[in-house]
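Okay, so here's just one chain, in structure tokens, the form predicted on its own.
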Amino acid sequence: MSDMALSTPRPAPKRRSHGSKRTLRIVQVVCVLIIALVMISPLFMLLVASLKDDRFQILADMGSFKAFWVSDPTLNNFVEVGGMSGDLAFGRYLMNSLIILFVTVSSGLVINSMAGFVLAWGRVPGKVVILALVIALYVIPQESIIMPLLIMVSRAGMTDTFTAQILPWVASPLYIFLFYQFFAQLPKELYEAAEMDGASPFRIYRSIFMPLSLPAMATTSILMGIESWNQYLWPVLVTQTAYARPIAVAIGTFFGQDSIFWDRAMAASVLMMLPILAFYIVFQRWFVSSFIGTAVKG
């Protein structure tokens, strides 16, 4: 009986444990909310500023909470910068960026996946050396090859064209290695069974391996799309007119030496942000699953 009496009052630690778990959960939620506010607040401030019609008021409100509030919202800034012609033809610049994004990503998926497939399953002499060179090329900074690349593009007569902004960045060591790593993890029996059925390597790549590589394709699409969309230095060097100029370069025209048009710059920045945000939302499910799968396998 004495042993039973001593063992009865033990539920108390469970209540303390439950309370500590609840406190920990509250702390985690608060931390997540703080991080989310820090990340979202610049975007919200950008959206609010784009709805203000006075560029001097935007600059005056930057140092206070007024930057997150607009009393008289207007869409005049978007109307001014959303045209397809004239000095503020940001509709045209946005269309240029969308063309560059679509062609770069679609052609990059084909070329990089083909190269990764060949390195993983092709019978290529010196395949290990080629793979090592691909990895070595990735560590070379992009800025170090800008000037030689600019000379090549200029001598080829491709300046101020879409081709000059697409062709140099279609193939990338990073995305070739990403596809190589994904294809190399697929079962060897899958390739051998298709080969025994008489399928050619291209047929195996197109009909079997590509449908299985949706996570890798989504990851590559997002990374390549963001990289292409945010290009600034290269388009500045190869474009001189509005014919092929992307929106990232065009926004820089608002920041002159004499004055800065904050209202129009904010509206143009919102226009620039929306397509790539929608692009990420479409592919985010495969993007997240690809990283989770990589982490689990690693």
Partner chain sequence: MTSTPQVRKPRSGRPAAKGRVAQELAMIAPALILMSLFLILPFLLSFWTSMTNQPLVPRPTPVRFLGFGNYIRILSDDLFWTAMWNVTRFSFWILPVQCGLAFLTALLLHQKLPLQNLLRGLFFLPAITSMVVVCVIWGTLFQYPTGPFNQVLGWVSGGRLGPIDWLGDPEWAMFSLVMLSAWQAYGFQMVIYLAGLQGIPEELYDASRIDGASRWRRFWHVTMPGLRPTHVFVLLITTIQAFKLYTQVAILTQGGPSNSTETVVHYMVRSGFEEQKLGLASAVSVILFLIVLVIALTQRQLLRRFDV
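Numbering follows the first chain given and starts at 1. For clarity, every value in this text was computed on a predicted model and none was experimentally measured.
A second form of this protein, the form predicted together with its partner chain, is not displayed here; the remarks below concern that form.
Using a 4.5 angstroms threshold between heavy atoms, Ile226 counts as touching its partner chain in the model of the complex. Using a 4.5 angstroms limit between non-hydrogen atoms, Met95 is distant from its partner chain in the model of the complex.
Contact between Val282 and its partner chain in the model of the complex is not found at the 4.5 Å heavy atom cutoff. Residue contact with its partner chain in the model of the complex: Ser269 places a heavy atom within 4.5 Å of it. Using a 4.5 angstroms heavy atom cutoff to its partner chain in the model of the complex, none of Asp54, Ile99 and Val103 count as contacting. Scanning Met147, Leu214, Val79, Met84 against its partner chain in the model of the complex with a 4.5 Å heavy atom cut-off leaves one residue, Met147. Just one of Leu75, Ala184, Val124, Val128 comes within 4.5 Å of its partner chain in the model of the complex, counting any heavy atom, and that one is Val124. Of all the residues from 241-255, those having a non-hydrogen atom no more than 4.5 Å from its partner chain in the model of the complex are Ala248, Ile251, Gly252, Phe255.
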